[in-house]
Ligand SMILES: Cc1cc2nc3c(=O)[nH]c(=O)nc-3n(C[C@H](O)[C@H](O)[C@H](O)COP(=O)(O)O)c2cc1C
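First, one chain by itself in structure tokens, the form predicted on its own.
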């Protein structure tokens, strides 16, 4: 039996954010976590998706690999890690729609005391990775999650990532995360799992 349950709820269009999610899951598992990887679904029409070549095909492939996140997943989890590509300096509407759907659990106080964290990807170096991560802290605070930043608690943070969460830059070419990016993501998974385990043991609400 795992020490802690960890939900990684993310949205990814081209697979860059998905790759970070997989690395975070890897790190969390090494720290004793049972992980559910869940991809938020599109909220726009097929006609809109058709304007971006490869979007529909990538979505279909990722949806085949990952179930959609549910409220039950969030209730099951001891920690929730949200991931998204940036959209005008903030999280994607797809991930936000999932978070907005957690209002029922929020109203019952069922998310209080769980660990929370964030990760993201951007198309350009100064494309809003830090503002996106910080924008994700706001709903986590409202939900009652205890926010766990990466800080500079591991040497990997001096080569990549941010003190707010793992990140990657795709350079408008869906360039995969670098090994340095993935090292930060794995550390983030380990860190969140360790904090969630401590919170669970202490009975924090």
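Residue numbers count along the first chain shown, from 1. In this text the structure is predicted, and so the values were computed from the model without any measurement.
Just so it is clear, the following notes concern the form predicted together with this ligand, a form of the same protein that is not shown.
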(request) Tell me the stretch among 65 to 73, 137 to 145, 23 to 31, 168 to 176 that has any heavy atom within 4.5 angstroms of this ligand in the predicted complex. (result) 168 to 176
(request) Give a yes/no on whether residue 113 approaches this ligand to within 4.5 Å in the predicted complex, heavy atoms considered. (result) no
(message) Within 4.5 Å, heavy atoms only: does residue 186 come near this ligand in the predicted complex?
(response) no
(message) Quick check on residue 89: any heavy atom within 4.5 Å of this ligand in the predicted complex?
(response) yes
(request) Evaluate residue 124 for contact with this ligand in the predicted complex, applying a 4.5 angstroms cut-off between non-hydrogen atoms, and reply yes or no. (result) yes
